[in-house]
Ligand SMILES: Nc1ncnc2c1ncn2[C@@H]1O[C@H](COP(=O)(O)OP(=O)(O)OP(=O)(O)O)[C@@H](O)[C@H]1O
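One chain is shown next in structure tokens, namely the form predicted on its own.
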Amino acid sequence: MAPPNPPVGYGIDFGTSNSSVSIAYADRVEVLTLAGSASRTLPSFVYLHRAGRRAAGNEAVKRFLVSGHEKTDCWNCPLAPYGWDTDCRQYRKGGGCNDARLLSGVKHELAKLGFAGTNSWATDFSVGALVSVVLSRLKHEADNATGQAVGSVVLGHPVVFAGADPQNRAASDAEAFLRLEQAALEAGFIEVAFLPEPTAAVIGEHVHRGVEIAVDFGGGTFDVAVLDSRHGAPRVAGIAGIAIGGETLDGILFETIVGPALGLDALPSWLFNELRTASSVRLLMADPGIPAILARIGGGAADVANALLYEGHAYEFYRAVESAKIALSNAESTFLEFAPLGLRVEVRRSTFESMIRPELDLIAATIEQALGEAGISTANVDRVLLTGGSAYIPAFRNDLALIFGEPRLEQRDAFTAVVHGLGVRAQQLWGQVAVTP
């Protein structure tokens, strides 16, 4: 027997760094607190194991910390029973590979036309299949909480996908939506709708007045939506986005301070650039030719890169870079330390802010673009709603204060404002129970 007030759908915010799910009922929307934790966000990590095991979130990290060091030599691998006849792309004489992988930043790959997925243990993992690991975990959590197998979901998406081809945006966007839909279907949903993330942030507001702007500064992208309620029902009057997010700023920190401090700027420029972020470095880790390249390069820089890529340090290293950036939101300076690589370097907020100024200027131009599309001046904006983890960066907030005035800035929950709005959209779309057979 169905419960008296069953859910009508879910909203899922699949983020670069964190993801979350909301449950839409006819009379309310609840952002789900995940079982076994006090958190309403799931880190967007994906764990893969050669034995077929999959996991997402903190569970993915825990499993990787236990099994990430385990390796299988090619000469002893069941995928190469004769020592050479194999479909494994990583096979090489005298080689081997890890039995587990931990992936992050998969959202960056959604719109990349030249990137179909990854391959390990003679198995192809499409981008959609990787995303479905996270969506499946969120659906499982929500289904357990509601006691229902809900089949309808509203998925959020950025205005501009990170990784999109600027010369072929239409094709990149189409590919990203196709992959997101594939992921949702593989996770068990049967009806999928989409909504821009900044639009979700504004429609989730209980009360609307005048002109409101939602700025969503997340891990991978910056998005802005303009909502106009001056002449009746609220309408989205302008929307814009740019592929600049918190991880972009992490990459700048690596490129200008961290990498040189480790001597990594002595590497070929293409290799140094691929080490900038956790998302790009995982592609290096999946490339079987990189160890041989590092061996040919030789020297201290190659040794550091080898340790970073193949001695289990990558996850904690990029977390340390991100943590230093976050610390600068409340401190004038901080020390970025990572003992396994002998790193200890001071980072000043003033230095960091000067380095990211070009990106902040592009973000300001994106806001102007959305206002221009809406035909609204900054003087007519009544309030600015801030969401996303990167919205706490002081230089970004100072820019907004200069444009709109500090009193008009209103901080929303950085990680749940968007997913709440996605649940509101699910309410609007589905007035009856959406349950899978």
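In this text, residue numbers run from 1 along the sequence as written. Everything numeric in this text was worked out from a predicted model, so none of it was measured.
What comes next is about the form predicted together with the ligand, which is not displayed.
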The one residue among Gly241, Gly204, Gly219, Gly156 placing a heavy atom within 4.5 Å of the ligand in the predicted bound form is Gly219
The listed residue (Ser329, Ser136, Thr256, Gln148) that reaches within 4.5 Å of the ligand in the predicted bound form by any heavy atom is Ser329
**Asked** Quick one: is Asp228 in contact with the ligand in the predicted bound form, heavy atoms, 4.5 Å cut-off?
**Response** no
Notebook entry, point to check: Should Glu197 be classed as touching the ligand in the predicted bound form when contacts are defined as heavy atoms within 4.5 Å?
Noted result: yes
Are any of the heavy atoms in Lys325 no more than 4.5 Å from a heavy atom of the ligand in the predicted bound form?
yes
Item to check | in the predicted bound form, Ala374 touching the ligand (heavy atom, 4.5 Å) | outcome: no
Which of 24 to 32, 390 to 398, 48 to 56, 375 to 383 lies within 4.5 Å of the ligand in the predicted bound form, heavy atoms considered? The stretch 390 to 398
Near the ligand in the predicted bound form, with a heavy atom at 4.5 Å or closer, the residues from 222 to 255 are Gly246, Glu247
